[in-house]
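Quick heads-up: it's one chain on its own, the form predicted on its own, in structure tokens.
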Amino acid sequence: MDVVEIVPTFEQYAFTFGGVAPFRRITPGTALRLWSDDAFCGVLRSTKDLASEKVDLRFVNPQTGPFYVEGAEPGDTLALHFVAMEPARDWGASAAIPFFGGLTSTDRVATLQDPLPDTTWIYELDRARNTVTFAAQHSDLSVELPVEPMLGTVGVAPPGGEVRSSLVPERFGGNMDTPQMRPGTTCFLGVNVEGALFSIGDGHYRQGEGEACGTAVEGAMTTTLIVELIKGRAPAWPRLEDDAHWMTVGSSRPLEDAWRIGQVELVRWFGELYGLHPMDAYQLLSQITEAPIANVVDANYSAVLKARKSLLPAASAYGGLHAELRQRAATL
């Protein structure tokens, strides 16, 4: 299988989902190897670089795309299988940005507190050891952490002609910031517009669940993925499948509404997978679901609902497409 390699220039990035002309047209079955810049567009390179001075909030989370998928129509399902994610720089950056994050006053959680201090941390990458190093700024501690690459943003154009910032997670996907969006995962998204117009970006070399301060170890990423199209059967919200779990993602505020969305979508999916009545799916999932928080910092919060496949009879989603894509990925 051939792989199409793309390294966009700054002028070719999208900073919204929707409202952007297609970067390229592709056919279902295409394998892509895409370079994407970090959330800050690479401007935080040392601990002396501060977000308030260097980061233009109009240009954060640059997206590689959007890609027009031939034959995709509203109501179809786009499947993106992530084969590999490789750090594209030897460092990543994280920052505490004034009035942004989970434990500070923000525009939506307003208090009379002063902002937390504008601070940047640089994580050096050791490719041989596959680690990034946390170096404390105000204390004396250095810790090597394993690289666990993921994408913060994966999405399609929203419905109704909407244009949404690449900082927003919603039913079209977007800035979900879940560590589950990693190699070996297949993401299923409902198509809202002709061509789907999907894009990816916001590479993280690692991130804790919740992304508490508002930023992960943000880094440029080279992502290899396979694109497929399923006619019809569009999910209402993003669905994820890996070898071990069925997963759904809900995004809203407050956080419990994000959880509710994900739980309802998993109930619906179990109706499709196992032929379960909604009340039976509700009962079963009440006993087996895990609910990692994806983020509590974006315009909407995101929660992931997971069900372990090992607890359940074998089932097949979308004709077993995930397993097929895993096999295809092994040939790249």
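No experiment lies behind these values; they were computed from the predicted model shown. When you see a residue number, it is the position in the sequence shown, counting from 1.
What follows is about the form predicted in complex with a further copy of the same chain, which we do not show.
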Partner-contacting position among A96, I230, A220, V83 - heavy atom within 4.5 Å of a further copy of the same chain in the model of the complex
A96
Of I26, L276, A31, L34, which one comes within 4.5 Å of a further copy of the same chain in the model of the complex, counting heavy atoms only?
L276
Classify G42 as contacting or not contacting a further copy of the same chain in the model of the complex by the rule of any non-hydrogen atom within 4.5 angstroms, answering yes or no.
no
In the model of the complex, does L50 have a heavy atom within 4.5 Å of a further copy of the same chain?
no
At the 4.5 Å heavy atom threshold, is D114 in contact with a further copy of the same chain in the model of the complex?
yes
4.5 Å heavy atom contact, E241 and a further copy of the same chain in the model of the complex
no
Answer range among 83 to 91, 220 to 228, 181 to 189, 206 to 214 for contact with a further copy of the same chain, defined in the model of the complex as heavy atoms within 4.5 Å:
206 to 214
Who in 135 to 159 is close to a further copy of the same chain in the model of the complex, meaning a heavy atom within 4.5 Å?
A136, Q137, H138, S139, L141, V143, E144, L145, P146
